[in-house]
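The form predicted alone is given below as one chain in structure tokens.
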């Protein structure tokens, strides 16, 4: 009789394998939830529907997340984390403020066109608990302050024309966030069948010329 591989929960399963398995499950649920929230809306999507789409049970989701609101936050975090990483990365470069700002903005645009873009933009309008709203606002403020900081650095080093950092950050983020309202997929007529990176590059060309010092 052939040896059967260890099953989930088996004492023979290596702890690292259990950790990796749990991480993969979380990633699958987060991605499925993000797609469901985008397609049907947060309040019109149930955990039962998400579970059914994955071929699992709702208790399995509750074993990984505290509830639907927690799952929504994890979708938001999955979209925002690459931006936070981008800010950290550009701080180690010897580039100008404008170059660093555009590098972050490019990552921002790619994130918005990705699977978590809808959640990143619409999450604050979903009537969340005060505690969850505060967590989300804090992360959004972090991104906003990061943009303003890079704009101020660009003004200081002469790579960005003198401007109001707050207003400029709002204008840039507003244009990038709006992508989530009209971009749906690479086959979307509004997107011109562009992949996310190309779409991001073309959109940011508008800002590049406007940010050049005169």
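Since the structure is predicted, the reported quantities are computational estimates derived from the model, not experimental observations. Numbering follows the first chain given and starts at 1.
The discussion below concerns the form predicted in complex with the DNA, not included here.
> So which of 166, 40, 58, 152 reaches within 4.5 angstroms of the DNA in the predicted complex, heavy atom to heavy atom?
Contact with the DNA in the predicted complex is made by 58 alone.
> Counting only non-hydrogen atoms and a 4.5 Å threshold, tell me whether 145, 170 and 174 all contact the DNA in the predicted complex.
Spot residues vs the DNA: no contact at all.
> So in the predicted complex, is the DNA close enough to residue 68 to count as touching (4.5 Å, heavy atoms)?
Residue 68: yes, in contact with the DNA in the predicted complex.
> Is residue 62 near the DNA? Define near as a heavy atom within 4.5 Å, in the predicted complex.
Yes, residue 62 lies within 4.5 Å of the DNA in the predicted complex.
> At the 4.5 Å heavy atom threshold, is residue 47 in contact with the DNA in the predicted complex?
Although the DNA is absent here, residue 47 would touch it in the predicted complex, with heavy atoms inside 4.5 Å.
> Hey, in the predicted complex, is residue 197 touching the DNA, heavy atoms inside 4.5 Å?
Contact check for residue 197: no, nothing within 4.5 Å of the DNA in the predicted complex.
> Given a 4.5 Å cut-off on heavy atoms, tell me which of 47-55, 174-182, 152-160, 27-35 is the interface stretch with the DNA in the predicted complex.
Flagged stretch: 47-55.
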